[in-house]
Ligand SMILES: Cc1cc2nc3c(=O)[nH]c(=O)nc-3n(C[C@H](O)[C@H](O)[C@H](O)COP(=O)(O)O)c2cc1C
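Below you'll find only one chain, the form predicted alone, shown as structure tokens.
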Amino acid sequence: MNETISLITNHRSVRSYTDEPVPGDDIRRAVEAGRMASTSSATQSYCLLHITRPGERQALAELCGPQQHIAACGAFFIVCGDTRRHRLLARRAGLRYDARLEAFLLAVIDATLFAQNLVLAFESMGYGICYIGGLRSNLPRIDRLLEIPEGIYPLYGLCVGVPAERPAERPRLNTECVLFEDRYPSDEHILRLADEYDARAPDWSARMVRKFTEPRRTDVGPYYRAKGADFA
């Protein structure tokens, strides 16, 4: 165990914060660390919206859940895939932007690599964080609220602040459930590992069945298409 691995394994999602703000210098340091994440061919297809207006923070708290910690945390961000700068460069060169599904995937991957670096930087400074997937529950309304331009894909929110709680550890899948040598194992093996995990995380299998057997957030695909994503 070293300091970096210890930091990673001590991660918790924090949903209760003190009222202390996150200083701008700390935000800048975290972003500078985040941008050193790997990126495909230096595309750097991401951006980070720092939402500072209290009224907009409260509106987002309602639209994302409600999740009041969005309004209460020291700083709130939206992690976005960013294809707009590439579109502008193509337009300036007199060419048509036409990158299709690959460009969307690059934006999602790059933004997520950046976000995880960003989170580790914040946690190394003693802050707590919570990713907010509920951002995708009302994307059209959030788009109108924040006037998001074409080519920007809001992916998830991020709460950052001084923790007012120490949440209990939530068990993860065993290493044997995700690390396989050379080939993916048999279906029977996967189901046996899932049953073993249920012993430590009761009802996990049933929750996954409920989560993935009915459509959710069905407006997400049409929203991203409306912002310029091409899934062809």
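Note that the structure is a prediction, hence the values are computed from the model and not measured. Residues carry their position along the shown sequence, with the first being 1.
The form predicted in complex with the named molecule exists for this protein as well; it is not shown, and the discussion that follows is about that form.
For the residues P149, P140, G126, G133, the 4.5 Å heavy atom test against the named molecule in the model of the complex is passed only by G133.
Across the options 66-74, 181-189, 52-60, 37-45, residues that bring heavy atoms within 4.5 Å of the named molecule in the model of the complex belong to 66-74. The named molecule in the model of the complex comes within 4.5 Å of a heavy atom belonging to R170.
Contact annotation: S13 falls within 4.5 Å of the named molecule in the model of the complex, judged by heavy atom distances.
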